[in-house]
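Quick setup: one chain, the form predicted alone, written in structure tokens, and binding and motion questions come after.
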């Protein structure tokens, strides 16, 4: 089985038609589903939050073993399918950068909630950066989380009265007061 780093590629990754948008609707729907699952799984295991549509070097979009790569149209189709399911969002009007939501924002909020509970942080204050890259988050899914996703998940918890977000001394230094 072929690998990308520590990621095992599925058997169909070496099947050349997998890299060509299929014209038959049923076949294309299966192909799109396989690609959506593969993109989400790969991004989750590699902690990738943003995919550039123009990125020629994105590992999943080409297979040197069979000398195939996805066309721009195919990449756009697969990412758009993720967007239409709420598993990704275009970050720009030109649809060149895509934010991948391998966990939905509500799921990230639940992960933050569990992180706070598991670490006894129910009545503490942390900076947003500490949540993303602090000692407590090492080894958790929160470590290295995209700031946009983190802020959205924190706002979900704020709306539920579980925390308060406040400005720090600088624009980059937002704080979070947990009250869970």
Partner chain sequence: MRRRPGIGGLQTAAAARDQYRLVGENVAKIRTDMMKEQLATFRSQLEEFARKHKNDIRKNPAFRSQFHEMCAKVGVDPLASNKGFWAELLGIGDFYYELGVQIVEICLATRPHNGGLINLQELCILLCQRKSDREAVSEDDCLRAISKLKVLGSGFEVISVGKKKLVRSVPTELNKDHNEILELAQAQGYVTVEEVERRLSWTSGRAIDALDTLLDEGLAMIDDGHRDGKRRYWFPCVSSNSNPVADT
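Positions refer to the first chain, counted from 1. This is a predicted model, so every value here is computed, not measured.
What follows is about the form predicted in complex with the partner chain, which we do not show.
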query: Region of this chain that lies against the partner chain in the predicted bound form, out of 107-115, 43-51, 143-151, 28-36 [heavy atom, 4.5 Å]; finding: 28-36
query: Proximity of residue 20 to the partner chain in the predicted bound form, heavy atoms at 4.5 Å; finding: yes
query: Partner proximity in the predicted bound form: residue 11 to the partner chain, non-hydrogen atom cutoff 4.5 Å; finding: yes
query: Residue contact check: residue 15 to the partner chain in the predicted bound form, 4.5 Å heavy atom; finding: yes
query: Close approach of residue 55 to the partner chain in the predicted bound form, 4.5 Å, heavy atom; finding: no
query: Residues of 89-110 having any heavy atom within 4.5 Å of the partner chain in the predicted bound form, listed in sequence order; finding: none
